[in-house]
Ligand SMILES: NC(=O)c1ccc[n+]([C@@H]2O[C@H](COP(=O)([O-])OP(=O)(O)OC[C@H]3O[C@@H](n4cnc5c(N)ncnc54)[C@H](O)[C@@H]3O)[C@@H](O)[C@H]2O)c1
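A single chain, nothing else alongside it, follows as structure tokens in the form predicted on its own.
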Amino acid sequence: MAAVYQALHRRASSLVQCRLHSTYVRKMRYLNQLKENDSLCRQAQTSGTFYLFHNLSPFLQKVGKKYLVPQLSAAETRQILEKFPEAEQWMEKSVLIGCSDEHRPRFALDLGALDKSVIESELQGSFTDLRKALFVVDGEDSPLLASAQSLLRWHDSHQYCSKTGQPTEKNPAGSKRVCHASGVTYYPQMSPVVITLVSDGSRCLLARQPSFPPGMFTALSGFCDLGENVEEAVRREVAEEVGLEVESLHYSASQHWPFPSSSLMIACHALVGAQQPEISMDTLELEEARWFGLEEIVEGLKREPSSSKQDDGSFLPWFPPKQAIAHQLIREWLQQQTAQTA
């Protein structure tokens, strides 16, 4: 019996270990190996897939009414580069952005110094501004394009050491840059940003900046100051931008966002008193800020940017796309209001 028990115990332990080392765990450990082992990463570049960018704009292909984000094999990528004699070593400029569940590495490569018309003609597609791309690609592709552009942008802006002024060198994975003159290692960083949907219980507050597309309203947002926690940042931003005092708030979710560079959007709902003074808008930051009722939110979520323009030249309100966390905040508020009125 003891032998049977020991055998069963070993089998149970083995099953536990298999579960612990899930597909996700194995994938994360493999990605970490690629970041830390330069020779392994160089080898992976010969079998991985590549997402192409040109001056930080991703390459898309239109098939019917859908926009696809093609993944080129290493061989296909080399065929493109062979058309440019000066691009012989360009594969080494790629950065690691992930891998499939089957452990096929994914890289991003910016070909901004090359003639994009040649590449577009060869691959039958076009390089598209990322803001526009996020509106048209599938939700699964959006985070990958956003993180890829952020990493490529970081490498482009950190080519020199801030201490010595000497050139920095990236590792094959693109997970860091090193100044060999000073020994300083630089790692990509994100800036924390709070994005807050303010409500007075029956209405929610949305605003727009002058730089926004015509008619687009969204939740309030701003960078966290040094030393602030999330709660303090939310209260300060709401006070600064619309002159209201937050009574309570709760966290919703977070999202990486590539604009203006690389931001971690920390989404919250904030409640202000219904008896507070009217909105006092900071005109240096905002062009317009106002309250929206339940019916206005329902209509705004249905509206497309292209259909918001009216005959008199004005624009009806519309909201950020599904890929943006502001959209999620608005949806959550709508669900809460709908549940209360049911």
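Please read these numbers as outputs of a predicted model, since none were measured by experiment. Residue numbers here begin at 1 and follow the sequence given.
What follows is about the form predicted together with this ligand, which we do not show.
Remark: all three candidate residues (Q255, P260 and M265) come within 4.5 Å of this ligand in the model of the complex, counting heavy atoms only. In summary, among the residues Q209, T164, S157, S202, the only one with a non-hydrogen atom within 4.5 Å of this ligand in the model of the complex is Q209.
Only one of Q149, S94, T218, T168 lies close to this ligand in the model of the complex, with a heavy atom inside 4.5 Å, and it is T218. Screening 100-108, 75-83, 187-195, 113-121 for residues having heavy atoms within 4.5 Å of this ligand in the model of the complex returns a single hit, 187-195. Among heavy atoms of P143, none comes within 4.5 Å of this ligand in the model of the complex. When this ligand is considered in the model of the complex, E288 lies well away from it, no heavy atom lying within 4.5 Å. Interface residue remark: Y251 is not counted as part of the site for this ligand in the model of the complex, having no heavy atom within 4.5 Å. For the chain shown alone, I330 is not a contact residue for this ligand in the model of the complex, no non-hydrogen atom being within 4.5 angstroms. Taking this ligand as it sits in the model of the complex, the stretch 44-62 never comes within 4.5 angstroms of it through any non-hydrogen atom.
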